[in-house]
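First, one chain by itself: the form predicted on its own, in structure tokens.
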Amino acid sequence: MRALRIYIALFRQMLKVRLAYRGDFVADLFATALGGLASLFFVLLFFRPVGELAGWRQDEILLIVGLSMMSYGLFATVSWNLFEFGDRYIIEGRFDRVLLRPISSFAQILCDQFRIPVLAETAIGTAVVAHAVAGLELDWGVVEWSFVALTVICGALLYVFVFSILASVSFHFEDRIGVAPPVFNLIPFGRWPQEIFPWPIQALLRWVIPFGFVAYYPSTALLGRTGLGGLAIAAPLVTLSFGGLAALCWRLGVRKYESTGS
């Protein structure tokens, strides 16, 4: 509870800092919202001539997109330092400061910088999911909406765990860019039905970099689609597995850290 209070205090302080420059905050919020709306516009534009894609209707794919956007918004709020970890914390030696504090080093990296405007993507995703549910005339109750909430949280955590594993590579190989950028480009692949991709990409998004579990497989359960077995409800287990792997990689990396030597 003490650590949780510290993290909340850090978030509140970062929010105060951002709101001190309201023009910049509003511009950043507008740019983020515009990017999210552009993604939706692409989906709508794509479906105008085709109507269906591999047996998926427009509103069904919008459900996948909306769930993915909700998870991505939560993840991107705390993820910036994971992308810059090798440059800012390893090469520049800022990780020394992190180790001096009596709080989890990993939590400090996540809480050191919040991209609050990115939460606009979560808000847009919520509206998209509500629109898709209404368009599909789904009669959802507490169970279904609770599953949606669980899916969004698991998806956000899965993103965090995957990119924290990639960030921990910087402990062993000092590189300003890191290995995260090419993996980041795979996120949009998880926003489409996986069967439209060739089997190597399906296997990659299922077993290696499991972005398919962020929204696609849970959507098949919500829509009552059959044929995928336990994959539809395996997102929490996949998230926990990658959480354990991320914790192991991070601890090994911290033990390997030798500072800058300057």
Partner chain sequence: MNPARALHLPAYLGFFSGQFRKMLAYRTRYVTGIVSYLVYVTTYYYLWRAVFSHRAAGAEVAGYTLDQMVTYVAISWIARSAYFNNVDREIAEQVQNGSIAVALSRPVSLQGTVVAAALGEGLFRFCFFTLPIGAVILLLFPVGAPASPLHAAAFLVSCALSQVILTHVNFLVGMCAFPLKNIDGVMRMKHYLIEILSGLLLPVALFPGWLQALSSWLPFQAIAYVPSSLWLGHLRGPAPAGGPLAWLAAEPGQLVARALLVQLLWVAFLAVLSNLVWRRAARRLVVQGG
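So that the term is clear: the rigid core is the largest set of C-alpha atoms that superpose within 1.5 Å between two forms. Predicted, not measured: the structure shown is a model, and the values here were computed from it. Positions refer to the first chain, counted from 1.
There is also a form predicted in complex with the partner chain; it is not shown, and the following applies to it.
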Exercise. Tell me which of 62-70, 197-205, 212-220, 233-241 has residues with heavy atoms within 4.5 angstroms of the partner chain in the model of the complex?
Worked result: 197-205
Problem set entry | Non-hydrogen atom within 4.5 Å of the partner chain in the model of the complex for each of F46, P182 and N185 | yes
Exercise. Is there a heavy atom of W192 lying 4.5 Å or less from a heavy atom of the partner chain in the model of the complex?
Worked result: yes
Exercise. Contact between R115 and the partner chain in the model of the complex at 4.5 Å, heavy atoms?
Worked result: yes
Exercise. Would G35 show up as a contact with the partner chain in the model of the complex if we use heavy atoms at 4.5 Å?
Worked result: yes
Exercise. Does any heavy atom of G86 come within 4.5 Å of a heavy atom of the partner chain in the model of the complex?
Worked result: no
Exercise. In the model of the complex, which residues of 17-41 put a heavy atom within 4.5 Å of the partner chain?
Worked result: D24, A27, D28, F30, A31, T32, L34, G35, A38, F41
Problem set entry | Did A20 shift 2 Å or more between this form and the one not shown, C-alpha, core superposed | yes
